[in-house]
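Single chain ahead, written as structure tokens, the form predicted alone.
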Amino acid sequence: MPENQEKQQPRRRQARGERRIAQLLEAAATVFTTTGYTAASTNAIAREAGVSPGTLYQFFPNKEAIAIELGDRLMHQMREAYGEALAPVGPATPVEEAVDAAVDRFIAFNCDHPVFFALMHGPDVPGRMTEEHDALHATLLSRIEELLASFLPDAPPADLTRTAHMCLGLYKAGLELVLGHEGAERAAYVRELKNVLIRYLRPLVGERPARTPAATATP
């Protein structure tokens, strides 16, 4: 066999393996979302993926390994999502604009990946996932504090931390309601969630100064 063909064979096998893993993870996401992690089985995941259990075991030894791999990938995507949604804002940015941007980004992520909520809030989450989620939660709170500091530059750190905890707690409570509905009713709950956050933050932030045009040089 020519040398270039020998190099291509491992690449093809690797590509097939990656496609199979993606197929199994997609099937697992469906099963975990539908039945919950505790009731899910490797047989159900293999059936959903349209493969034999033996094929599944070539890539994952058990459902915990599947859940951990799926959770790792979702948490990576979640970090990217909140990194973009929670960037500090300019001094004249309305609080409504910041809330809209952050909530829309997070709601979109959770609606696109309902398995994330199912895994993170189930009664039997694998230990490693719990640890990684706790680390993600701590980082998320830190980013919320940084965003709040844009609106409350003179607030003591303890106040920022408390307000960040409240914002995240309100969001998580609203998220469960949002995910429990579809269509127009889901959109209505999203609006209600934004209203709750805005009404909580508005008295703390006060009126934002109007954006002023840049000064022009005088001759």
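Residue numbers run from 1 along the displayed sequence. This structure is a prediction, so every number in the text was calculated from the model and none was measured.
Heads up, the form predicted together with another copy of the chain isn't pictured, but that's what we're talking about next.
- Among residues of the shown chain, residue 22 is not one whose heavy atoms approach another copy of the chain to within 4.5 Å in the predicted bound form.
- For residue 16, no non-hydrogen atom is located within 4.5 Å of another copy of the chain in the predicted bound form, even though that partner is not displayed.
- For the chain shown alone, residue 47 is not a contact residue for another copy of the chain in the predicted bound form, no non-hydrogen atom being within 4.5 angstroms.
- Under a 4.5 angstroms non-hydrogen atom cutoff, another copy of the chain in the predicted bound form has residue 169 among its neighbouring residues.
- This chain appears without its partner; in the predicted bound form, the one residue of 121, 76, 105, 128 with a heavy atom within 4.5 Å of another copy of the chain is 121.
- Of the candidate stretches 187 to 195, 24 to 32, 65 to 73, 52 to 60, only 187 to 195 contains residues with a heavy atom within 4.5 Å of another copy of the chain in the predicted bound form.
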